[in-house]
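Below you will find one chain, with nothing else, as structure tokens; this is the form predicted on its own, and questions on how it binds or moves follow later.
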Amino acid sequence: MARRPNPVAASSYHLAGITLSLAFLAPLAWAFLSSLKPAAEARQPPLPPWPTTGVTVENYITLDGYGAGFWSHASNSLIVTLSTVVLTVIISVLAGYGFSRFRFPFKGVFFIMILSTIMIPFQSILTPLFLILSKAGLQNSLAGLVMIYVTLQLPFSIFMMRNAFDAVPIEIEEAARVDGASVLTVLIRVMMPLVAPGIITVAIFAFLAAWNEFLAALIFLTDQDKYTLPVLIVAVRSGRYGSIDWGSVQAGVTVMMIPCVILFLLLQRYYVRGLTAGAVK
């Protein structure tokens, strides 16, 4: 006989879920409502968070007046972020597949060396990275910034992809090999669809890290026209003549979080599956 669910326990479970959801959504809603306040009201104490003297989009218009313009900096962020995602996915898939399926000398040592770089603070290698980019002629360029971001993302991404490939039974790959498929064909047409959640997880992490990164963009870019959105928000935060334009700051925060929220909502089920890939074999 099936056991009936306890209505009190079910109600408590849903109530706790709703409460936690509201706690996570509250800062996002607060930033959006504050961005709709007039500039004078936005400089006042933050309570209540919603506009009391009328709704306006003047903060978004003012935001476009900083630096080279909002859309110019947004395009810089988009170029850097998408390039980082594409390169990170390609390299991590190839490396993860190699560490999972091939045997070669010092395989374990190389993998541990790659993972050990996660323990190195990024701030401690800023000077060497700056000198390397300067010698290579990539300092103050979006391409150099992409290389930095990809390098920082690869250790975790390779670890994720190796686990994802390890979770796929090797018999599937052997069956494709028997049918005459090459190594590259097996990887692209057989293995990649099976590890798609892991690939999407790597892409999401790379996107969020590159889209929101501030320190490297501030240090390695000296041309203001090449600044990304996080650096622009700091310029807005500093304001003109030392004043803080809180309305424009909230407008910038709202615009920056929209792609992240949309991306996560669209791919969240793959994200969860990707994080748990390799947990059970």
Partner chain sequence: MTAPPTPQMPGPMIDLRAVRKSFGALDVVHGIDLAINKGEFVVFVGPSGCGKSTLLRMIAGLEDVSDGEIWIGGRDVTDLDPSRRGIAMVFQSYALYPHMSVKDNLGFGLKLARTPADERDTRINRAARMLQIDGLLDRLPRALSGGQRQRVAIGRAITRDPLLFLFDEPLSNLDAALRVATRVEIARLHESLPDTTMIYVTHDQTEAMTLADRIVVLRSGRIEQIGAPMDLYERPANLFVAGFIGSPAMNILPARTGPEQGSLVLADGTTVITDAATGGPGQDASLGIRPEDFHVADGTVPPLLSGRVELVERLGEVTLVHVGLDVGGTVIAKLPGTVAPGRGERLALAARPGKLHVFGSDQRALPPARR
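Note that this is a predicted model, so its numbers are computed, not measured. Numbering follows the first chain given and starts at 1.
Only in words, not in the display: the form predicted in complex with its partner chain, which the text now covers.
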{"query": "Option touching its partner chain, based on a heavy atom within 4.5 Å in the predicted bound form, out of A167, V146, L138, A176", "finding": "A176"}
{"query": "Candidate from L78, L194, L131, V86 lying within 4.5 Å of its partner chain in the predicted bound form - any heavy atom", "finding": "L194"}
{"query": "Distance check, R189 to its partner chain in the predicted bound form, heavy atom within 4.5 Å", "finding": "yes"}
{"query": "S72 within 4.5 Å of its partner chain in the predicted bound form, heavy atoms", "finding": "no"}
{"query": "G180: touches its partner chain in the predicted bound form, heavy atom cutoff 4.5 angstroms", "finding": "yes"}
{"query": "Partner proximity in the predicted bound form: L115 to its partner chain, non-hydrogen atom cutoff 4.5 Å", "finding": "no"}
{"query": "Among 78-86, 138-146, 199-207, 168-176, the region lying within 4.5 Å of its partner chain in the predicted bound form by heavy atom distance", "finding": "168-176"}
